[in-house]
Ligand code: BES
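A lone chain, given as structure tokens: the form predicted on its own.
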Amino acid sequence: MEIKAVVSGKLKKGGDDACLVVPVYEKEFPLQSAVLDPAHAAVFKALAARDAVTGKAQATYYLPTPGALCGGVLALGLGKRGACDAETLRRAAGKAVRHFARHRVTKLIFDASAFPEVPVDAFVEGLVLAQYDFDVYRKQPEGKSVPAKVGAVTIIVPDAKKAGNLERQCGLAALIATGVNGARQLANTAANEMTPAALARFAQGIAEQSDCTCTVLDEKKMAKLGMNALLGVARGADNAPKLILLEYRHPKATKTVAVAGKGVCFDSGGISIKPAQNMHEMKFDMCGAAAVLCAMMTIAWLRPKVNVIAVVPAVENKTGSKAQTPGDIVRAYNGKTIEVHNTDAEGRLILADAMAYTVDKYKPDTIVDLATLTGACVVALGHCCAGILGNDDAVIDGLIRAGEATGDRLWKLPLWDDYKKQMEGTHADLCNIGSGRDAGTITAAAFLQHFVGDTPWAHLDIAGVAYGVKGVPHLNPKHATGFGVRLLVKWIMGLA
């Protein structure tokens, strides 16, 4: 996306495919703009008098103005002054996109000249996210025009000295949002195409186009290393598992962080098979992997002074003749034995080997994992935030702050030793499920804690926010959300 910031005196006429965006706080009229035509301002004033234009958060009104500076003017509601934040702008952008598409707008002029406090970069971010669509498999009818999308944004600023900094901020927002859309694309792709091998090829592509290095461990290498928890999950599938290790290193880095993403490319539940209803959504069980890989892709673009190791255990959990059965006992990479009482509690098994290996081989200062791990997290927190648990409050607090800034919100759950005790097995060191339905999200994290040792660690259960989120205008509920990309990038950039 082309982004530039100018003072009003240097603004050029936009044309009929352009739209002037003028922010407005609730009930604060007339519109404040350095370039709005007085006649159009009078129209908006009249509309405001009839409450057709209110300035409420996410309320938008498009006025066609052919032949003027732009082909249209959009009043962008920010809500009450003092309550407007970055998420307000993201959601307002999501609402505005429908107007841009309907009127075939390809260029925006965002008049921030009277609103230096408004986070325009969040509007750009929301715009990029809201314009994403997944249409890979749809055949377009003959003669139907391709939907118009905004490809250029000009921001009017009150002070030319601030133009360069604002351009950088908005450019960064667009870049990170593009990474989020990459994760959405991976997750939305049908499971018959987004296999473990396809995920590995994507990671290798990141390495080929950046300074990253990529290593992919196959079944034989994992068996030699003793990754039997991961391999047990993959036994019922024809598509072979992969352990993907993507490394970014900076010569001046003093810290190394590892990020792990659950990559179950399709989860039938295995022998403990899931109900048929909505099972097609289980292609989304690799949203953690998608987020980790695309966060890594973004990090490679931004080049922060921190070493980052991305690890993705990629498998399919199927019901083939060799599938793991309830009651099986497997020995994980770190030597711990695990009773598998439920083959649908597979994400923790593949992460166990992946994280134990990462901690042992790379010795990171911190490790964070993202996983669509438990339905219990959806029951507890719904679709508004992810759960976070771990063994280090500083890591957890840092991630929560990054989530508040980016809109990828987190809520902390306890992880006391009482829960860890519940994961002990009857005939083995551990069991892969707790007793009954109690505290399912917490006991899953308690299981994972056995595989990170003393390394500072945080676990993000993203089951409720990875896909199907409703009521967020810049996210289509039919698509994956890309949750975690913005969060990880913000957190890692902060560490650097």
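In this text, residue numbers run from 1 along the sequence as written. All values reported here derive from a predicted model rather than from experimental measurement.
From this point on, the text means the form predicted in complex with the ligand, which you will not see here.
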property	result
is_contact(G375, the ligand) in the predicted bound form, heavy atom dist at most 4.5 Å	yes
Partner contact for R90 in the predicted bound form: the ligand, 4.5 angstroms, heavy atom	no
Non-hydrogen atom contact R331 with the ligand in the predicted bound form at 4.5 angstroms	no
Heavy atom of I433 within 4.5 Å of the ligand in the predicted bound form	yes
Which of 152-160, 96-104, 339-347, 132-140 sits within 4.5 Å of the ligand in the predicted bound form, heavy atom basis	339-347
Of A86, A300, M282, C385, the one that lies within 4.5 Å of the ligand in the predicted bound form (heavy atoms)	M282
Residue among C70, I442, A463, L460 with a heavy atom within 4.5 Å of the ligand in the predicted bound form	A463
Interface residues of 260-298 toward the ligand, as seen in the predicted bound form [heavy atoms, 4.5 Å]	K262, D267, K274, M282, D285
